[in-house]
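Coming up is one lone chain in structure tokens, specifically the form predicted alone.
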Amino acid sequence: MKKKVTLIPGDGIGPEVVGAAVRIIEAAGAQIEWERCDAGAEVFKKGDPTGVPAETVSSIQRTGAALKGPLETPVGYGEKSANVTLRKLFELYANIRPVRELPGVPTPFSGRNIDLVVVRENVEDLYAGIEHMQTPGVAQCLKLMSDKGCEKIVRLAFELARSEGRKSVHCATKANIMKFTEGLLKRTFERVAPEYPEIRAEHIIIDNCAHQLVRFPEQFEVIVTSNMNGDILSDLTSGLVGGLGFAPSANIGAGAVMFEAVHGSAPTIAGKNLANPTALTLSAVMLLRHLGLREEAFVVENAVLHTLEAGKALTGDVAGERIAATTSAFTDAVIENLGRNPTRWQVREHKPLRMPPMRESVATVAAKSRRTVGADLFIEADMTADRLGPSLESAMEGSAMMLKMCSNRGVKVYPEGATRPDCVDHYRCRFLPRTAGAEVTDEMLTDLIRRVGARHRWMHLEKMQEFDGKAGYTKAQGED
């Protein structure tokens, strides 16, 4: 019986590289029935703000698997990314991007035996897409990371290492600066790692990880990281082995999977038969493995590698424009080489990947104790801190709360703040109870908003909470 798979040709060069991959895997005898669906630019133009029509969603719900070409994403306005929409709709929480030195693809790193996988959390972090213009000149984006999301991606990284026989996993974070969000990923990694005693677990700061990747990339096997960091880092690692034209990826969820090349739609070469279909074809190899068509995956991957190694039908990103093969010529060469293996490159063994269990219930982390100890009120004010501070203190006279400090872009500016503050009209104003140790009530916060709101425009209130006696908030730079 044929396996049903949703096929999304995509935008730009998408139809060309998807068409090439489909030709190759069908020539290899893979028994797949394609359900062709739309997403991306043409859908946006029809007025669908998601870029993903209901028919496409229904198809993926039926098949549980999709092979997708690159989709154009509107930049800086209106609609959401159709790519992100697909990932969120199906809770495709893990993005797996393997990077390995390829035969016949010369790079400054050739001979270094680069062979690693970036495991990127795929739905949380800044990509939650929760943004606000807090003043006409100050924008905010909420960075959301959950205990549940961190545990899923960390466990998947260790399971991937185990399935591929890898010996180490690095967790790359910016926990030295973002101690709650990125720190949560680090703490989760350190909690889960002992359950995989045969795998060496190391934490690394993300900027050092980028530095090490371009100096000693061969030291890494699996890197697990947050959404934004993973997006950037995986493009960097693709550059080590020849570029995005050779970078496949898988988006993994409990109920669906979606395979795609890392590269974009490349509109400048669309329709010219110039695109490199390697990344999409290797993504299709990952799809075949997922479907249990392991022999077909082995044959297709080896044919691609043999073609690259032979060097007789390489696209322009490798061979240069003067001697470049067309997309269709490269595809023809791969099909001709089905059944042949490269001489200097061995396909890695892959055992079935064990997915971390999904908890259907709403995830809750219970604290033994919790207290509200203060509040940060964010205020829009076209005045200097030495004028704003006294105004707030005057507003709070006779109330149960008092002003502790004001900060501007994370730096304390009142009282006695930074020596030369370059302020914008967006202040975080921290209020504490006048009675030391008292807990802040909702009635106190309502009074705070009423008093301050009578004088100043405010846009956001954040409770300062303690969980199990530990502060759940950060201090401003310079705050005591």
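Small disclaimer: the values here were computed from a predicted structure and weren't measured. The numbering used is simple: start at 1 and walk along the sequence shown.
Note that the form predicted in complex with a small molecule isn't included here; everything after this is about it.
Engineer: Can all three of Asn83, Arg87 and Gly245 be found with a heavy atom no more than 4.5 Å from the small molecule in the predicted bound form?
Structural biologist: Each of the three qualifies.
Engineer: Since exactly one of Glu221, Asp317, Glu380, Glu101 fits, which has a heavy atom within 4.5 Å of the small molecule in the predicted bound form?
Structural biologist: Selected residue: Asp317.
Engineer: In the predicted bound form, which of the listed residues (Ile269, Leu144, Ala313, Leu240) lies with a heavy atom within 4.5 Å of the small molecule?
Structural biologist: The residue from Ile269, Leu144, Ala313, Leu240 that makes the contact is Ile269.
Engineer: Just one of 436-444, 44-52, 408-416, 62-70 has heavy atoms within 4.5 Å of the small molecule in the predicted bound form; which?
Structural biologist: The contacting stretch is 62-70.
Engineer: Does any part of His263 reach within 4.5 Å of the small molecule in the predicted bound form? Heavy atoms only, please.
Structural biologist: Flag for His263 set to yes.
Engineer: Under a 4.5 Å heavy atom criterion, is Ala157 part of the interface with the small molecule in the predicted bound form?
Structural biologist: Flag for Ala157 set to no.
Engineer: Can you work out whether Ala275 and the small molecule are in contact in the predicted bound form, taking contact to mean some heavy atom pair no more than 4.5 Å apart?
Structural biologist: Judged by the heavy-atom cut-off of 4.5 Å, Ala275 is in contact with the small molecule in the predicted bound form.
Engineer: Report yes if any heavy atom of Ala21 sits within 4.5 Å of a heavy atom of the small molecule in the predicted bound form; otherwise report no.
Structural biologist: No, no contact at 4.5 Å.
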